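Presented below, as structure tokens, is a lone chain in the form predicted on its own.
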Amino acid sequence: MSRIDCDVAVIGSGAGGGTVVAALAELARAGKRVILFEKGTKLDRSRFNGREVDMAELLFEAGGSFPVVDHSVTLAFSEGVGGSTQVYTGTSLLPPKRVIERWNLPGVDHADLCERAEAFRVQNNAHLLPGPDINDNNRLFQKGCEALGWHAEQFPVNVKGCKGSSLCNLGCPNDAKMGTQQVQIPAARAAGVELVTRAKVRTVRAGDAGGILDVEVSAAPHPHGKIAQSEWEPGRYEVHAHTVVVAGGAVHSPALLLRSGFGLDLPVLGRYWTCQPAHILVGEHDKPLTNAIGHPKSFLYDQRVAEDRYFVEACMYFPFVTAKNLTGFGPEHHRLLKAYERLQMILVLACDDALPDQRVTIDAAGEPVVHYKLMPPTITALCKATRAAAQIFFAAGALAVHAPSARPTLLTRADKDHIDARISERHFLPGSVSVSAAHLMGGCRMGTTTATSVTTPHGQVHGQPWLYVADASLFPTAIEVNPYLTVMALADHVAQAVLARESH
């Protein structure tokens, strides 16, 4: 096993890790060695062919369908340089004040996080799309909300030079999405930060002067064709770093710390894991829509108040994912897919709680296992969101609405005054509704004691002055919005603590 020495090792290149290495670029410019490890690959845009199955296998862990233990929900999270910033739609929302204040963590201030998040929003060119760039699907969402007297909020997206391919969730073929792979990581590399791809960190442990990483650089051919090899020769490496920052995301960060043995002293490691479960609804119109042209997502209707806990967004998914989300088989399912070009789409999302038994564990091989169940309040929130989406569809002029928690699942305009009766929790049976989740959070929650948290409010793992976490696994509870900018703000907050440590 070869030995490598460095000052800082960062594990994971998504919103957290990419932000950290950008902040640590000043160390690299000063001659310190900073290494960014990514277990996935670095892809150039020539690989983004827009084919759903190809890109799901290439960009997502488990093809975008990582199952929870009871198979009631599948999780979508990306691997590769940029992490999930290369496959999300660019939604750029500031941290909600009520959530940050509820965390009540010393040193974690809402105004400070917003200032950091706003800086990244500017850096990543997040902006409101102008009217001419809004496609039919988003215009119909806005129209439906206005007809109901509801406020459809437009949110900024971080694109630059967007050509309207609508392929955001499958990796932008035009390099227009300003994720960490486009902005922060290139800047860090230009300053001297090293990037090592196809490098899985098996364990981290304490050494005499910091941390020791057991890193395996893959020698196997990539299962999806010719992919650039790692910057390092294949093999095992023992990397000695003065400081280690774990930023593998809410599934892999707790799993890494668990298989490294830190769960013995940190009883909540892996616990209080949460996400935003979601599913797609479609409304059928009488004429074709520009849905698969233009940016897919610009508007949301927000009902994250305590008694409702949901929000709905305009969205666009391609035929394979759409087919997976439509309940049923046979003629009805076939008829809806035949009407694909006339389908308006809405994504419904629930804001879930972070509960101690919702957690990440590891299997015998040390790989992550996610224990997550749809609890009754979450199902209620999804059904409320479904009722709201159905009203938006009909108010926008849809002829029919497919609602998985209705019986029968197809609602016509004759049903539009009976939506509350038709859509019910009793029809929402786990396994009968295709539920997926992004926005994965928790597992290495911040706090002040080892009994209730894994890290300090500055991301330092309790009892390990050399070890930090900087990703969405830090969240004590769900952030309730797309977490991208909050992750970047927190990661920058953690990076300041790392810089202070490295300056001594």
Partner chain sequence: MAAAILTPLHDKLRPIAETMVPPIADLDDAAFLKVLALIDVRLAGEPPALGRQLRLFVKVLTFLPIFFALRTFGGLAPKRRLAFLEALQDCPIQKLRVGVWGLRTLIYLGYYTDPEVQAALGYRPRLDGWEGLAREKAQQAHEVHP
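Note that the coordinates shown come from a computational prediction; the quantities given were computed from them, not determined experimentally. Residue numbers count along the first chain shown, from 1.
Another form, the form predicted in complex with its partner chain, is not on view; read the next lines as being about it.
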Does T448 make contact with its partner chain in the predicted complex, using a 4.5 Å heavy atom cut-off?
no
Can any non-hydrogen atom of L429 be found within 4.5 angstroms of its partner chain in the predicted complex?
yes
My question is simply whether P319 lines the interface with its partner chain in the predicted complex - judged by any non-hydrogen atom within 4.5 Å.
yes
Given that the partner is absent here, does G149 sit within 4.5 Å of its partner chain in the predicted complex, heavy atoms only?
no
Answer option from K287, H334, R102, R236, heavy atom within 4.5 Å of its partner chain in the predicted complex
H334
Please tell me which of L195, V201, I419, L167 lies within 4.5 Å of its partner chain in the predicted complex, judged by heavy atoms.
L167
Could you tell me if all three of N49, E52 and K338 have a heavy atom no more than 4.5 Å from its partner chain in the predicted complex?
yes
Partner absent here, but in the predicted complex, which of 262-270, 307-315, 288-296, 244-252 has residues with a heavy atom within 4.5 Å of its partner chain?
288-296
Pull the contact list for 68-101: residues with a heavy atom within 4.5 Å of its partner chain in the predicted complex, in sequence order.
D70, H71, S72, T74
